[in-house]
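Shown here is one chain on its own, the form predicted alone, set out as structure tokens.
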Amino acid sequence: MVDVNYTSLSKAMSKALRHRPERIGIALASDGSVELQTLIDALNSRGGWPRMLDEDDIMQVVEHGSKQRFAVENGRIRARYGHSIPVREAYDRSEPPAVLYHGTTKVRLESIMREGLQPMGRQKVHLSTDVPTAHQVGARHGGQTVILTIDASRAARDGIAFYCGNDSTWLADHIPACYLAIDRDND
């Protein structure tokens, strides 16, 4: 049996469940979920896979994806975080680690240090629990990567809400600039 490239499948699922469901002809419920079989049928109809996808392929990505992007409940699948389209996300407010990180570029640094971290094209600001992940995220934008340190414990004490996206990703609605510092050790 020909194996599926699970990285490519994860990217296709992310695009469909976080950004552009209409591109593969699906409609998401208000919580961002869709019937699992509907997603499988839509992905198969687009083609490009070495064989027809099945539920086991989707579950391989859900259960073994390093970023824990997806959840399956009651026969429905949804992206857990990272939406650029409006969905009713159900996050529980959580106590964050004392320090979180955000990777960005030198070009964006001035406005971030003035206005704080904004969700931009997503519904939430994405923060990392470690410098390597933040660096990887910042490098996606091209240009010189800069790592910001977020004083998450102080921000949480001051009322900023944090939500756990997965083991290495935390989310917030906005992080004011007063909680940010340039990480000189890792830029």
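Throughout, we count residues from 1 along the sequence that is shown. Since the structure is predicted, the reported quantities are computational estimates derived from the model, not experimental observations.
This protein has a second form, the form predicted together with a small molecule, left out of what is shown; the following refers to that one.
Trainee: Under a 4.5 Å heavy atom criterion, is residue 118 part of the interface with the small molecule in the predicted bound form?
Mentor: Looking in the predicted bound form, residue contacts with the small molecule include residue 118, since a heavy atom lies within 4.5 Å.
Trainee: Given that the partner is absent here, does residue 135 sit within 4.5 Å of the small molecule in the predicted bound form, heavy atoms only?
Mentor: Heavy-atom contact with the small molecule at 4.5 Å: absent for residue 135.
Trainee: Examine residue 85 and determine whether its closest non-hydrogen atom to the small molecule in the predicted bound form is within 4.5 angstroms.
Mentor: Because no heavy atom of residue 85 falls inside 4.5 Å of the small molecule in the predicted bound form, the answer is no.
Trainee: Though only this chain appears here, would residue 111 touch the small molecule in the predicted bound form if you measure heavy atom gaps against 4.5 Å?
Mentor: Close contact exists here: in the predicted bound form, residue 111 approaches the small molecule to within 4.5 Å, heavy atoms only.
Trainee: Counting any heavy atom within 4.5 Å as contact, can you tell me which stretch out of 39 to 47, 122 to 130, 23 to 31, 150 to 158 lines the small molecule in the predicted bound form?
Mentor: Contact-bearing stretch, as computed: 122 to 130.
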